[in-house]
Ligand SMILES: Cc1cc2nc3c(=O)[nH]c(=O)nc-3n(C[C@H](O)[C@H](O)[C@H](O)COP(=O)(O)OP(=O)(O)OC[C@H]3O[C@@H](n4cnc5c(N)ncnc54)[C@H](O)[C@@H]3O)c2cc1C
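Coming up is one lone chain in structure tokens, specifically the form predicted on its own.
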């Protein structure tokens, strides 16, 4: 018997803005028991608006001004789904996403920002040259392209900035500083005064700065169209323009109003003084997406930051059925505006100041804000929520339930039935599904415990099985990764997947929570199986402290005999289809030391199936093939050598072995998988081999999850095989070594290490 807190409620945060970033940090410091927290964001990191102009001006690097959401979610103990939200089903309490199944919630919080209202018409061919300042992440991506294009242009480009508020003026100064002499700037503003919300002295000083920088001001002009080489204005004026930056009035995301939530006159979500939807009390909102109808305030980053603490308190209070806290926005706030050149202006009401010291003050405040998201050390247990191990009912503590092991730990029948029913309904043509061989697909539609399947004809049947715990906090993507990993053995032999059985461990939780986890997991599996015409014919579920999944996979061979690990021939070239490094990166993620961009690159690699690579390899009749998984490249390569009944030498070209971004940096820091040391015991079969291992050597024994194929092909087929792999999307595929006869093999120093068969 094992005692563990079961999850009973689901809190979903949509958007990784300033408010939610603060909620995640505070949640990690003081978690709420029995609540599962999930973050959904369309990016794996989020820019801090206060440092955006400094980044544009070249003062801050990207890493200095972006909040990395992966380690932040890890610190908070949250699931993290990287996807774009396209709507909300309030009746079913589901978040609708672009590329994944709906996500269920009990309580929802929105922090998705805003986008500038672009009322002007933009010519179709200029959509990439008309850039909205929000969302900030999208703006910065396109700013990089603009900067490159302007730098490479033969003559100065005309850049029009539409909007003369704080954002437009600050961006104009930052961009002018970064592109000095390479561009001509125009600032277009429909009012006669810049920065209308600021005092006279601030407006006058910033106007003087713009004029000194030769930014042409067009005040009292309303832009109505961006056509080739021109911005047309309502007055009839036509201003030269190659690129336009829109920093105009904030606009709301359309689906907010479409889903049925109460909104203000502009389409923003209307919230009360507790940051709670006025129409649906289980929905909260903060940042630009929210309008406080009792005390409206500007759509500014300073308010999004100040929303964080009351939002955190009220989300917890609502989940615990406790009184909510009233939020009262400040009437006056400090505004700090950088000029892009190491100076800044500060204003609050009628007061203002200017100079380098103001910039140093602003820089200190911004860096202090970002530091709290970079130092994410685990909290001491003494500082954790005292209720973390017991749920209170009045003053009486409730003892956590005890969970059985063995067969008594199975997920309940009704939970399983409901999840499978949802999965079946999601499949296209659910009532008429047919397998590629013409027989029906029995997608768990029979209550029998054993699946019975008659393979067509007398084609050889190939079977394999694998099982492991989830390395990421996303059951949908984990389902895909596990399916790719488990099917990979079949692709390496040349077999066509026919059917699979699943074994899933679902974390302890209430019936509705377990149903959601199982549903997301099965949808991930089905996303991989469906395009292959492969049937999920049965399985077994069990409860446990962590999510885990295994598949028993069955395949059929189209040829009389399978492609095996043995069969290496002297003269063969070794082709690796995917980069290495998942072992160290997932270990770093487990320690909260992996950057979000590194982890996302590893996940993208693991989501790539070996199916197409295996088919391409088969068309060239390779001599041998295997997939690279837990034993690492070196371990699986040794298996190939030992199975080839010849005296062979393998020469690996270390410089050609592809590595995932960040993997060598993690290995340099000594971050390795728990299996790494056992894999490294193979070093006695490698010459030369230094101890301690260099990062490049450690990469050879790094255990891989859903790794690539290692293909041994004749030299004459190598280049064409490699070309087809690249065209099929295996962009990192590379020739990493050669096979030769041991009796006359000689390797040059750059090609080492050398793998020898004893």
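Numbering follows the first chain given and starts at 1. Only a predicted model underlies this, so the values are computations on that prediction, with no experimental measurement involved.
What comes next is about the form predicted in complex with the ligand, which is not displayed.
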Report the residue, out of 495, 174, 112, 160, that has at least one non-hydrogen atom within 4.5 angstroms of the ligand in the predicted bound form. 112
Could you work out which of 179, 548, 302, 259 is the residue within 4.5 angstroms of the ligand in the predicted bound form, going by heavy atoms? 302
Hey, in the predicted bound form, does residue 653 get a heavy atom within 4.5 angstroms of the ligand? no
Does the 4.5 Å heavy atom contact test between residue 247 and the ligand in the predicted bound form come out positive? yes
Taking the ligand as it sits in the predicted bound form, is residue 42 in contact with it (heavy atom to heavy atom, 4.5 Å or less)? yes
So in the predicted bound form, does residue 49 come within 4.5 Å of the ligand, heavy atom to heavy atom? yes
Based on heavy atom distances of at most 4.5 Å to the ligand in the predicted bound form, which listed stretch, 653-661, 476-484, 165-173, 575-583, is the contact stretch? 165-173
Each of 197, 251 and 339 within 4.5 Å of the ligand in the predicted bound form, by any heavy atom, yes or no? no
What are the residues of 191-228, in order along the chain, with a heavy atom within 4.5 Å of the ligand in the predicted bound form? none
